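Only one chain is given next, in structure tokens, and it is the form predicted on its own.
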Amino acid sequence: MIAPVTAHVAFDKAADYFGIRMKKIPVDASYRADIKAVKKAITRNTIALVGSAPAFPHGTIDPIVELSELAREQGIGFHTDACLGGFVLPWAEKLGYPVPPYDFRLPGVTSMSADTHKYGYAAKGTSVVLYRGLELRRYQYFTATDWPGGLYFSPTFAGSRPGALSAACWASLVSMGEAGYLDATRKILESADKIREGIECIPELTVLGDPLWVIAFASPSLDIYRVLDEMSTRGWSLNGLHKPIAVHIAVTLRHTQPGVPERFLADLQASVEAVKANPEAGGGMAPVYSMAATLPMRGMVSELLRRYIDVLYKV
């Protein structure tokens, strides 16, 4: 399976579970999958390509048109990961934003995923996977006909899923409706435009790629993780990123309330000034993020994460 380094780690998880070799390819200067690198990586053992719409780290949409056509030419599967964008991009396109094709309109796309619990405004546990045809979907089914407990079938890897969650998800979708999603997307993208423009006006910060509403930014002169810590003390929850070292904000409906984008930018400017005034200050999560990003022994980082999970399960 070939995927850009920015693809969600769920693909690494699947590859680990099923013994599939994962080939990671780099992204270009715009933080989108490098098509030339994908072409070089394909062999006769390649079973699928992956592209994100958009990728979680930098909010950029991979060149799905080119990637899916490459997969079609090779006779292999192509998966569009629209978990983050599945309930934004269709409405953004209707609103006139520059959204490239990413779905089954492209003949090379064989499957897609979308998270209802993100911008679908439903509860977790109801994410969906879509297939181009019924034949491909049947590969996820499991049936048993000779079990003493009777006939058994399961449509998904997860097995039993709560009916109440599915019902609540359906209720959220029909309650929002097309008009609701269009309005929510318009507010999010307009607020994201304000936030992105404001970040670009801060000399010490640089926006990565060309994002629509998941905006990643770095700093050539400051410890960006220190800026993240400063923003945390002001009530903002940002995500720390690695490779390159950066942070991002995923703009949501909460950020579209009157005055919120302006307050975010004011607090961001104040955080930058605070780090400039005290560049050597310690504490917070900055040292942890910095260590995790730079420690060459990745196995050690993995073991630390496993031990953290052990602590979570400790009674």
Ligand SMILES: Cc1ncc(COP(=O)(O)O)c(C=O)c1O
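One-based numbering along the sequence shown. A quick note: this is a predicted structure, and the numbers were derived from the prediction, not measured.
There is another form of this protein, the form predicted in complex with the named molecule, and it is not shown here; the text below is about that form.
Please determine whether each residue of Y121, L189 and R254 possesses a non-hydrogen atom within 4.5 angstroms of the named molecule in the model of the complex.
No residue of the spot touches the named molecule in the model of the complex.
Of the options L208, L84, L89, L212, which one has a non-hydrogen atom that comes within 4.5 Å of the named molecule in the model of the complex?
Of the candidates L208, L84, L89, L212, L84 is the one lying within 4.5 Å of the named molecule in the model of the complex.
Given that the partner is absent here, state which listed stretch (50-58, 257-265, 66-74, 30-38) has heavy atoms within 4.5 Å of the named molecule in the model of the complex.
Among the listed stretches, the partner-contacting one is 50-58.
Test of understanding: in the model of the complex, would A10 fall inside 4.5 Å of the named molecule by heavy atoms?
Taking the distances in the model of the complex, the answer for A10 is yes, it comes within 4.5 Å of the named molecule.
Spell out, yes or no, whether the shortest heavy atom distance between D115 and the named molecule in the model of the complex is within 4.5 Å.
Yes, D115 sits close enough to the named molecule in the model of the complex that at least one of its heavy atoms falls within 4.5 Å.
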